[in-house]
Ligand SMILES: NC(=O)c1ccc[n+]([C@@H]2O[C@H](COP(=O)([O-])OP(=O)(O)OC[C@H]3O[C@@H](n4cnc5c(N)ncnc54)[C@H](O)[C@@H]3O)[C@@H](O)[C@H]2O)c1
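For reference, the chain that follows is the form predicted on its own, supplied as structure tokens.
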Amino acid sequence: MINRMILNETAYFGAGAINSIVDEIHKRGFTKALVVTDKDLIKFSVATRITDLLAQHDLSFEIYDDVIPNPTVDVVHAGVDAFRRSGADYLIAVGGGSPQDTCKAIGMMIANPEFSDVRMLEGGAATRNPSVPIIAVPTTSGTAAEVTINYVITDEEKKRKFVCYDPHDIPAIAIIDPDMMASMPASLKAATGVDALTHAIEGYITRGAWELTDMFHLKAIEIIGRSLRDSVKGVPAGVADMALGQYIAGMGFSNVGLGLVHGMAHPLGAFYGTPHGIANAVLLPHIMAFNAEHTGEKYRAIAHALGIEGAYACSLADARALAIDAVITLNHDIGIPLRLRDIGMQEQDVDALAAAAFADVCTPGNPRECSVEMIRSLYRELF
């Protein structure tokens, strides 16, 4: 079997890493940026840390701040128009998964104009050109969009999310600066943090997993397990650890795929606007239980990475239970809701949700084969 790894050209880590942007712009000869972000990040002076830095060094830019949670086709197309009007030659994505994904879609459509509708990029589209260069500055510790080849867009007309994956879309530069994440509210740190844990666990047990990605995912589980609670409390060391842990998870899952947690979470976002991290968090322990007997010894390693003593001394069944219980306890400690009805799911939509989840690009990576009927039952059980 041939395995592939794709990562950023360059990534910077640590407090103050945003200052590296200036040198990179000069070295690469960029002339004008379109900064892709959202209005809240402007309002609360998060994105302005980047625009102020550009202004201080007389670097030209314009701002596109119409990104919304679960970004839509229309948001992407408006961003493409904004880029063309601006005269920019590179992009800076500032924000969580929504600005990052929007920025990737804009960059791909500009570089590959034959794809005139972002829906044409669904799945692994046969693009010819790398994206317009992107400098990715995450403000949440969860999606790892700054190091992945994936982006997710919402088609409001059809009430569905679609996943695009393309080696051409990966940002050229990632800036992992925990200072950009420190002001997140505790609820957002919790939601995005379990999103990162889901990436690590699903990436570790997905069908495409192999030794190199296992290394990334286990280390990510360890870092997230020890730091997420402190990050939610605002402890600086916990925030910094989560910034690193979520990136490491992205290094892995971007190259091997995910599974049913994401397959079932995407329709919840498309139908109800449910925050992606929250949907993943509610689903994760239950889908872990669903998959448990199809994961070999891997739950031992998950339990051990989450700090559970004796994971290698007990029976396999007990080790699996310990891993699942550790995730349930973590969810409880950081205030994650228990049931899908608590995050907006409507029971009458179960059939449509199950059909969408079965068709989702992430679902085939699940270690256990599943049918529409199985997924329907899971939604009902978790409602």
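Bear in mind the structure is a predicted one, so any value in this text is a computation, not a measurement. Each residue number is its position in the shown sequence, starting from 1.
What comes next is about the form predicted in complex with the named molecule, which does not appear here.
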| item | value |
| --- | --- |
| Among the candidates Asn255, Ser98, Thr206, Asn291, the residue which, in the predicted bound form, approaches the named molecule to within 4.5 Å (heavy atoms) | Ser98 |
| Candidate from Ala145, Leu197, Met242, Met264 lying within 4.5 Å of the named molecule in the predicted bound form - any heavy atom | Ala145 |
| Three-residue site Asp40, Thr140 and Val152 fully in contact with the named molecule in the predicted bound form at 4.5 Å by heavy atom | yes |
| In the predicted bound form, segment of 41-49, 25-33, 312-320, 329-337 with a heavy atom within 4.5 Å of the named molecule | 41-49 |
| Contact of Asn129 with the named molecule in the predicted bound form (heavy atom, 4.5 Å) | no |
| is_contact(His217, the named molecule) in the predicted bound form, heavy atom dist at most 4.5 Å | no |
| The named molecule contact at Ile308 in the predicted bound form, heavy atom, 4.5 Å | no |
| Residue contact check: Met180 to the named molecule in the predicted bound form, 4.5 Å heavy atom | yes |
| Within 288-311, the residues that have a heavy atom no more than 4.5 Å from the named molecule in the predicted bound form | none |
